[in-house]
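Let's start with one chain on its own, the form predicted alone, as structure tokens.
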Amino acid sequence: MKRLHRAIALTLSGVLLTAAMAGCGSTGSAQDSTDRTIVRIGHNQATDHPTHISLLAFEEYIEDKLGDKYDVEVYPSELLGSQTDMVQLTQTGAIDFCVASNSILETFSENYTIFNMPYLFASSDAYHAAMDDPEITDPIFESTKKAGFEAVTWIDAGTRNFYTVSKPIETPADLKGLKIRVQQSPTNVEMMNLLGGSATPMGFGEVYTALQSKVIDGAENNEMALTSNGHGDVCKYYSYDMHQMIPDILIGNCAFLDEMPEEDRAIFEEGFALVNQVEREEWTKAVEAAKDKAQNEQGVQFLYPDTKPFQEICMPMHQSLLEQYSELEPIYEGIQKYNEQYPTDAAEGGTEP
């Protein structure tokens, strides 16, 4: 079944890419039998995931307002290929939108590096406030226009924390000697090495098997990975060190967006805001459900270590970032203002809520 799923994905993405290349620079958008423009959106999550639910809300909104002109199609579960494939398809205009991880976008624009910084945000409230501020996000979201796409909204992916098979992580010293899967990003590798673990970059789809076979000792991600991806069947300790809050990003093809009539674009902008709103609401409910299932059905123990020792080890990375990318300093300072306004609260690290 997995081979068939992958074959379908490759076929779809290949057909779409060929169509875009044949279009000699057109957006690749097609028309249906009623001459409506087909708007294709791809992502890698399941149909019960908050991302998919929010994109269905977008589909309903756009078709309710502009159904005589647009037919929105949402493709979940990597039906259009991997995230890297979908970013390339969006870049060429073979599809119109996709959800991309920050680590992939970092390869197109160094500005996205800032979101990978460990302990960039002091709390979830600071994270949300900063991401809702256009003065902070616009310079980053617009930095890929030369590559043919731009971010249209951000998607909450919660906090990233360590989870392990057999050893609880309560201090940085507990990570020593452990092989921990990290995202394929230089920033994440450096963070893991500083904390004393052995960084093991790999694709997300490989993680379950690597945990099960003990090729790695643990990973880092949000609570949904425990249940939606089955990691809680193998890993029995989840530690809220809260080292990262990294958004996923909904990106759109620039040609499609720029060629859209102004009145249509205004409706689409309302739809992008709806994606963000619905996904955040659904995320809160999904995390609560994931924690309940992980604890009561999978036997996962949730730990709440003091996050300060982890923060202190990682803080030199902030200075290195600003020295390497001085243009990001205004964005960094803007985030610090929100950190002062919304400091870490008792429910975020160190104290069990």
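We number the residues from 1 along the sequence you see. On a predicted model such as this, the values are computed, not experimentally measured, just so you know.
Not on display, but discussed next: the form predicted in complex with a small molecule.
Residue heavy atoms within 4.5 Å of the small molecule in the model of the complex occur in exactly one stretch of 106-114, 154-162, 132-140, 119-127, and that stretch is 154-162.
The partner is absent here; in the model of the complex, the one residue of Gln88, Asn222, Thr187, Thr144 having a heavy atom within 4.5 Å of the small molecule is Asn222. Contact annotation: of the candidates Thr92, Gln83, Asn276, Thr200, the single residue with a non-hydrogen atom within 4.5 angstroms of the small molecule in the model of the complex is Gln83. A residue is said to contact a partner when one of its heavy atoms sits within 4.5 Å of a partner heavy atom; Gln45 meets this definition for the small molecule in the model of the complex. Within 4.5 Å of some heavy atom of the small molecule in the model of the complex lies at least one heavy atom of Gln183.
Shown alone here, Phe204 lies within 4.5 Å of the small molecule in the model of the complex, counting heavy atoms only.
In the model of the complex, the small molecule sits within 4.5 Å of a heavy atom belonging to Asp248.
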